[in-house]
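One chain is shown next in C-alpha cells, namely the form predicted on its own.
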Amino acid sequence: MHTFSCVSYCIISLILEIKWQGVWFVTGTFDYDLVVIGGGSGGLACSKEGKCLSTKWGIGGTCVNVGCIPKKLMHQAALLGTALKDAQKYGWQVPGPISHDWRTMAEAVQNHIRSLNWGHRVQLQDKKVTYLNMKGRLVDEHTVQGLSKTGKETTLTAKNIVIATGGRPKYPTHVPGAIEHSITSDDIFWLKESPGKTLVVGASYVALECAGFLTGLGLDTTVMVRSVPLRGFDQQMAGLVTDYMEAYGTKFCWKSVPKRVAKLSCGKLQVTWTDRQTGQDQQDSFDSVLWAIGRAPETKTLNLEKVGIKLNKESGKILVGADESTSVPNIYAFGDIGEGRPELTPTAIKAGKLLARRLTGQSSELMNYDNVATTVFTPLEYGCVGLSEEEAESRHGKDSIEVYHAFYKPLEFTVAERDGSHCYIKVVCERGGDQRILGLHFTGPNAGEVTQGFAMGFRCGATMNHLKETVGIHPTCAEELTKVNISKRSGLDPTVTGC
C-alpha cells in the first residue's frame, strides 16, 4: 500500500507497496492509497496500522508533548510532596523544610517527552517509513497539499484521506490582554521557570488538574469558575473534587468572569474580574494566568468546507458517522475533531486503529464510544465509567434507577491523619431485574487504576449482583466497591465503619 500522512506538520511515507497479511496493495490511479492528516496519538495509531505516519507537535501530538504524559508526571510530583509530609507520621525523619525545584522537575519531564518522541522515530525507521514534516491542507477530495517549513510545496493525491488533527486550547477573544500576557496548557509543561502565583481560568478537567499539581508543588493557585466545575461529569462527584482541592489549599473564585489582564511595571499581571453573585469588580495580581476554557478543533486551515466537508457551525468540529465517515465519501475524521466524540487519547488511538483496519479491508469492526472510562488526575483523583447520576435520571427516570453509595477512608490516610471525608463511591443501577450497572464513580487514591479494572466488567454487562458476588482484595480502596450496599433511597448513613 502506498501511503502518505500529514497534519499541521506531516510525515510522508515513501513506501511503494506493502504486503498486508499476504495481500499486496498498490496505488492504482492515485499517488497513495491513504493520507492521514494528523500526527497525535490517534493519527499515529491510524498511520501505523496503514503503514504511514504524521506529526503535529514533533511526533506524539498533544498527549505526549503537552497533555496526558507531562500532566501525569507533574501530578505525581505533587503527590510525592504530600507523601513526604505523610512520611513523618510513619516515622520517617525529614530534615529541614520541604521545598520543590521547578527547573529540576521540568527538565526531567521534558527529557522523558523527548525520549518518547525518539522512540516514535525509531518505530518509523523499523517500519522503513521515510517522512517529511509539512503543513497540510486539502485541495480537493483526493488531493492534499503540503507546505514545508522552508516554503516548499508538495502536492499528492490519495484514494482515501483521514483527518485526525485534534485541537488546541482556546484563548478568550473578548478579554483584553488575555492573548498577550497569558499561557495555556500548551505552555505550562515547557516552562523553564516556576509560574509562581497562578490564576487558572476555567473549571474543566484540564483546569483542575493543572491547578491541583501547582498547589501540590507549593504554588499559590486560584481557580476562576464561571459556572460549574467538570461540566459533563457527575456533579456530586465534581463537588467532592473541588471541596477536597479547597481543603488542600487551592483557592476558588466562584461565579466569576474575567474582564481584562494588564501587565504592571513590576512584571506581574493584574487581573480584573466580575463577581456575578455581587455584580462587583475585583482585582488581584499574579505571576501567571493560565487559560483552560476549552479546546478548539484544528480544522480552520484545512480547507474543509471547500471540498464539501460539513462542520458543526458552533463547535467547528467535523460531522461524522458511526464509521468515522464525513460528508465526502472517501474522507474520514476521528478523535477530538469529530463532533460528539470523547476528547480522550485512548479513544482516538482505538478509533484510529479500527478505521485503518476497515480501510485496508481487514475488519468491519466499528468503534464503540459508549461507556468509555476516564479519570481526572486532581489531588483527590476521580475515576468514572458510564452514566452520571443526572444522565441516568434523564434517560431512565428517577424512579427506575437505584443509586448505591459509600463514604470510605483509605487505610493509608489513617496513620497520616489525612481527611478522608471526600473519598466516595457511587454505583448507579437499573432498579429492576439484575440491576444492570449504568454508571460507576470513585474518588480516592489511584482512581485510574481502580476504574480501569471495573471498566472491563462494565463492558461485559456487569450488574449489582456481580459486584456483590466479587470477593475484594483486602485491604484496598477498590474492595470498597465490592462492599457497597446502601442505597440513597434508603436514607441510611453510607459511611463505612470497621475494616
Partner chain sequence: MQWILSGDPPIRPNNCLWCCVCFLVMAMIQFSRTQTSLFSLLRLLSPFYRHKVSRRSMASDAATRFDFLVIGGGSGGLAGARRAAELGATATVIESHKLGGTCVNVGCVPKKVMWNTAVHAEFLHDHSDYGFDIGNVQFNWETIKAKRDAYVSRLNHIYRNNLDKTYNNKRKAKIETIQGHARFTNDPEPTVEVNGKKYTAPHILIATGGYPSLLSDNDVPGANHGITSDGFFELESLPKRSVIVGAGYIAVEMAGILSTLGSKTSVICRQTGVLRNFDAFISTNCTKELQNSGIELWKNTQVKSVSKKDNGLLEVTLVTKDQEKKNDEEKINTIQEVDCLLWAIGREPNTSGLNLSQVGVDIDERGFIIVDEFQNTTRKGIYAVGDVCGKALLTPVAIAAGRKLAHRLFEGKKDAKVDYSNIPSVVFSHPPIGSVGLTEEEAIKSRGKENVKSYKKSFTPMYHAITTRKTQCIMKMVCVGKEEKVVGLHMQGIGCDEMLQGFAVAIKMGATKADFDNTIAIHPTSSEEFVTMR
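Residue numbers count along the first chain shown, from 1. Note that the coordinates shown come from a computational prediction; the quantities given were computed from them, not determined experimentally.
Although it is not shown, the form predicted in complex with its partner chain is what the next lines describe.
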**Item:** Options 274 to 282, 361 to 369, 169 to 177, 250 to 258; stretch whose heavy atom lies within 4.5 Å of its partner chain in the model of the complex
**Value:** 361 to 369
**Request:** Consider the chain as shown here, without its partner, and state which of A262, V228, L191, A87 has a heavy atom within 4.5 Å of its partner chain in the model of the complex.
**Result:** A87
**Request:** Just give me the single entry in K350, K159, K310, K197 that has a non-hydrogen atom within 4.5 angstroms of its partner chain in the model of the complex.
**Result:** K350
**Asked** Is D140 close enough to touch its partner chain in the model of the complex, meaning at least one heavy atom pair within 4.5 Å?
**Response** no
**Request:** Give a yes/no on whether I486 approaches its partner chain to within 4.5 Å in the model of the complex, heavy atoms considered.
**Result:** no
**Prompt:** Is T375 one of the residues lying within 4.5 Å of its partner chain in the model of the complex, judged by heavy atom distances?
**Reply:** yes
**Item:** its partner chain contact at W92 in the model of the complex, heavy atom, 4.5 Å
**Value:** yes
**Prompt:** Each of L34, A296 and V328 near its partner chain in the model of the complex, meaning some heavy atom within 4.5 Å?
**Reply:** no
**Asked** Who in 457 to 483 is close to its partner chain in the model of the complex, meaning a heavy atom within 4.5 Å?
**Response** G457, R459, C460, G461, A462, H466, L467, E469, T470, V471, G472, I473, H474, P475, T476, C477, A478, E479, T482
